[in-house]
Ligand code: NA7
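One chain follows as structure tokens, the form predicted alone.
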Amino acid sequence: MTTSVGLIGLGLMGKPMGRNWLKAGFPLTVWNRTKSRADDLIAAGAKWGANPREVAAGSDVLFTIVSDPPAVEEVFWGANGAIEGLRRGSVLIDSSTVTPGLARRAAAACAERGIEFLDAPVTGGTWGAESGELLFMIGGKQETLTRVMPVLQAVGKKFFLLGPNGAGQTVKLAMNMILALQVEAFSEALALVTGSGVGGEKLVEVLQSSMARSGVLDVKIPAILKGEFKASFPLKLMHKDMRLALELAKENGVPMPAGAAAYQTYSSVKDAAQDDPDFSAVARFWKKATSA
């Protein structure tokens, strides 16, 4: 019997994930706050659920991928919340980026109802979501992961089981803080180089052959050099993830001075933005600073 999949959240990541489940032949039911975002998935064969609870009731595996902790709480426990609709023996996988504490709370609520839970935030950007090559950072039980692996393989290529519930979210927040710092560091260095009369592409040329080389150079830097900031990973979401990482650090007594300083810069860029740019738009701050 084919596993039925439910999907709540049809943003930049969720919608292409839904397309890939349909292509792989999984029966798919979807819900999103704005129904029009589901139109093309419905045209491709997905069913529409009237609310999160209805989607959950018809799903063997339910995925949620929404913007922030309040959105997750509303989807899980709000009016017509998903957890009340899930059947005993089903699996809930949250691929939103939230706090480890919220993941553990959801896991406990699921366990009380005989439901399995994985916190499984993703990385790979819109390209990875569209190509089905996302990377999953997972907290939960190995047997649960093994059970849902065929469903995950339709949308991802790498799956890291990192520990009990909450571990996936912990690593995702740490990784996004590193990513934010990498782009911030490059933006500062780019301002230094160009402000000194050397072309930014020369900096990139050297970085590509040095110990400072990273995937950021391939994915984000070409757009920064062109001054193009169409959102693949929206600035507002990176800003949220940095805040959550700093809150987690404070809870655990871990100082993060570089992260805190970068967060202030990202805050300034977000507050000044008239559009909804990619997080790499942090480069605007340093370009403006060197032009002043």
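Computed from a predicted structure; not experimentally measured. One-based numbering along the sequence shown.
Another form exists, predicted in complex with the ligand; not displayed. Remarks below refer to it.
This chain appears without its partner; in the predicted complex, the one residue of Leu62, Val66, Leu235, Met242 with a heavy atom within 4.5 Å of the ligand is Val66. Screening 153-161, 94-102, 198-206, 212-220 for residues having heavy atoms within 4.5 Å of the ligand in the predicted complex returns a single hit, 94-102. When the ligand is considered in the predicted complex, Ala71 lines it closely, a heavy atom lying within 4.5 Å. Under a 4.5 angstroms non-hydrogen atom cutoff, the ligand in the predicted complex lacks Lys230 among its neighbouring residues. Among residues of the shown chain, Ala283 is not one whose heavy atoms approach the ligand to within 4.5 Å in the predicted complex. The ligand in the predicted complex is approached by Leu12, whose closest heavy atom lies within 4.5 angstroms of it. Residues from 13-34 that approach the ligand in the predicted complex with a non-hydrogen atom closer than or equal to 4.5 Å are Met13, Gly14, Trp31, Asn32, Arg33, Thr34, in the order they occur in the chain.
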